[in-house]
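Only one chain is given next, in structure tokens, and it is the form predicted on its own.
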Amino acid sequence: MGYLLKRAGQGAIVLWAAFTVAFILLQALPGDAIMNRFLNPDLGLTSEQISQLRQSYGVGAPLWQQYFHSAWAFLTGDLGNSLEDGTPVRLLIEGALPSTAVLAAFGLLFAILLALAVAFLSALAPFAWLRNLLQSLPSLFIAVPVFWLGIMLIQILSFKLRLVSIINPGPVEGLVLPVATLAIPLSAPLAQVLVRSIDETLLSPFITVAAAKGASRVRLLVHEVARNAVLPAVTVAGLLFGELIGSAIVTETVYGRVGLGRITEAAVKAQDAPVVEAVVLISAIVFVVVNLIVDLLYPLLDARLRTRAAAI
């Protein structure tokens, strides 16, 4: 319980820091989001109407009052209203979050499977050239720009080979290309960590003893190496969630999907500060929760950490 409370406290500090940084960047820097958005003469708003808008959004109050007002509003679930059309930000998030959550979950799952395949196939490769080829794939994956990869997958798999439809696809078919676009770059750091961990674990004395007893290389990898080599990759998988929103913005734009990425792109273009601030905080919450789950999984995967966590 002490271990859980300690991790939860660290997560709360991260959330507070994320909220504070977002507030400073979006509200405390020079400029006025309300004035920038509504001062356009084409909108036909009078100075009195603009003043009322600024008052309703709390822009005219001192910064410290804005800060605590925004913090309390977020804690009570009030994410404010969009400057673009006055829609409650909570409704925008609720409408976009499920699509992005499905894309992120399947993208991370596919990235993990792809990284495992590259790492274990390279360990089982019978030829040095094949092993070197497989180990060079992560460097290639991480070097490919997401937008270029998405366009190439559309061109090859949809237009050339006609394997996946990009026009009016079904729910499952519509996920194939976006998930692949999101997963391939994400798999690169996972595969690199797994390859290095497997190589280090294979040099351990207990592996030498197991091999001397006649265990095959496949059995060694599955029963002896996997649990020890996968621990660093679990940490990397949790940290990769921090990249999912940034990758989702590009992926959802390329494939025309409606999600957090698309509404973030639209909010940035329209200088819609409440929406951007809400997306930043939601992303931080997901990141903290996922990494808290990862921290809790570690003791389950390693008995030494269970003993250490019980002692804390």
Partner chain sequence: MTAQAVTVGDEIRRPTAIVRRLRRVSPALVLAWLAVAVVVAWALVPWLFSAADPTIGVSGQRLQAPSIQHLFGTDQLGRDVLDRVIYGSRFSLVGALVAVGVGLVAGTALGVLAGTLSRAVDDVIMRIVDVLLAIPSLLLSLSIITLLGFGTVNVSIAVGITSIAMFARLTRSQVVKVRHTDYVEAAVGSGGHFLGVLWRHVLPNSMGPVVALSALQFGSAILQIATLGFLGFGAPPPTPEWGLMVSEGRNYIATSWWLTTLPGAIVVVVVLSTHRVSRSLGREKRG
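Positions refer to the first chain, counted from 1. For clarity, every value in this text was computed on a predicted model and none was experimentally measured.
Only in words, not in the display: the form predicted together with the partner chain, which the text now covers.
Of the stretches 172 to 180, 132 to 140, 90 to 98, 111 to 119, only 132 to 140 has residues with a heavy atom within 4.5 Å of the partner chain in the predicted bound form. Using a 4.5 angstroms limit between non-hydrogen atoms, residue 17 touches the partner chain in the predicted bound form. The closest non-hydrogen atom of residue 25 lies within 4.5 Å of the partner chain in the predicted bound form. Although the partner is absent here, residue 288 is a contact residue: one of its heavy atoms lies within 4.5 angstroms of the partner chain in the predicted bound form. Within this chain, residue 216 is remote from the site of the partner chain in the predicted bound form, having no heavy atom within 4.5 Å. This chain lacks the partner; the member of 206, 127, 148, 72 within 4.5 angstroms of the partner chain in the predicted bound form by a non-hydrogen atom is 148.
Residue in contact with the partner chain in the predicted bound form (any heavy atom within 4.5 Å), chosen from 236, 154, 226, 211: 154. Residues of 249 to 285 that come within 4.5 Å of the partner chain in the predicted bound form, judged by any heavy atom, are 249, 250, 253, 254, 264, 265, 268, 269, 271, 272, 273, 276, 277, 279, 280, 283, 284 in sequence order.
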